[in-house]
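Listed next as structure tokens is one chain, alone, in the form predicted alone.
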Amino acid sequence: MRYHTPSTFEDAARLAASASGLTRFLAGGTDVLVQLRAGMVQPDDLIDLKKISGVDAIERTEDGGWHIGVAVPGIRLGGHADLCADWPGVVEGMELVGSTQIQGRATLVGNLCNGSPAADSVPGLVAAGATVTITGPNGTRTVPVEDIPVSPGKTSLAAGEVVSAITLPPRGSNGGDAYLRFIPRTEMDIAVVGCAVNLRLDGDTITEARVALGAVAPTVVLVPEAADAIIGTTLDDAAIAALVAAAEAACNPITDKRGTVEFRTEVAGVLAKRAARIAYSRAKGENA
């Protein structure tokens, strides 16, 4: 195995593009190092991104959004008061990934690029309208987070491409978001269903919304119909009922030992209702 420590993302992309065997990137390492020790993978080239300037930074963008480096661990996201104030749903999704020890290493980008439909941090990013910057042999491009996963364990990244940053949009006024999941145990389990809701108010009326579901389809899914169900409403009972119906209709889950299709579908509606109410309260400036 060849171990590389590039100093720029362009160098990392060139290394990956020229590699002929199995290549893995190393940022937090909570996936790849476990896989190495278990003998599940043996990369020909391991490209460590941690020597690249800015990969551990959380910074405001010029328009008031957030730039998050690829090696920022979950524990630092949870300790960043301003980021938590703007995007609590994004942060609380990442804070559900693993134990305290894992939180010291696991990253948003790693959780995204692992390609799991049950990834806890991804629905919040999708609901927030987050984007990723991708660096490759032909330069850089920016794509929505929801376009990265394509199937379980697979992403849309081409050979030689690497995610070089995550960007969250400006929070703006009168906005709120939330992420909830259902797991059989009280902690450190994989989501049976996850749901993130992000919305904005004008007075008491919802003017913008995005709803994302996890673990109910081959990828995390953005559900425009669920957002449409609550836009223009004050989240009254009729809007909640329409939201639940839209969330359930978007489900395409599997039955396994952790839950049936019917169970996952019902839970998706329940979590959508609860997450919407939390996001709505946060948008109104209430504690939730």
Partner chain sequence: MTKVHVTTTVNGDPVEFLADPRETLLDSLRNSLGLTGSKEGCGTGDCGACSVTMNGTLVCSCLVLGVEAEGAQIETIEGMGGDTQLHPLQRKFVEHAALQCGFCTPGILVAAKKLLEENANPTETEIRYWLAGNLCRCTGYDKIIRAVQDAAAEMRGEAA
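Residue numbers count along the first chain shown, from 1. Note that the structure is a prediction, hence the values are computed from the model and not measured.
The protein also exists as the form predicted together with its partner chain; that form is not presented, and the subsequent description refers to it.
Asker: May I ask you to choose, among L33, A242, I254, I58, the residue with a heavy atom within 4.5 Å of its partner chain in the predicted bound form?
Answerer: Of L33, A242, I254, I58, the residue with a heavy atom within 4.5 Å of its partner chain in the predicted bound form is L33.
Asker: Within 4.5 Å, heavy atoms only, which of T207, Q101, T142, N138 is in contact with its partner chain in the predicted bound form?
Answerer: Checked against the cut-off, the match is Q101.
Asker: Give a yes/no on whether L46 approaches its partner chain to within 4.5 Å in the predicted bound form, heavy atoms considered.
Answerer: Contact check for L46: yes, within 4.5 Å of its partner chain in the predicted bound form.
Asker: Indicate whether its partner chain has at least one heavy atom within 4.5 Å of a heavy atom of S53 in the predicted bound form.
Answerer: Taking the distances in the predicted bound form, the answer for S53 is no, it never comes within 4.5 Å of its partner chain.
Asker: Using 4.5 Å between non-hydrogen atoms, is D82 touching its partner chain in the predicted bound form?
Answerer: It does not: once its partner chain is placed as it appears in the predicted bound form, D82 has no heavy atom within 4.5 Å of it.
Asker: M188 near its partner chain in the predicted bound form, any heavy atom under 4.5 Å?
Answerer: Although its partner chain is absent here, M188 would touch it in the predicted bound form, with heavy atoms inside 4.5 Å.
Asker: Please determine, with the chain shown alone, which of 211 to 219, 102 to 110, 194 to 202, 146 to 154 has non-hydrogen atoms within 4.5 Å of its partner chain in the predicted bound form.
Answerer: After filtering at 4.5 Å, what remains is 102 to 110.
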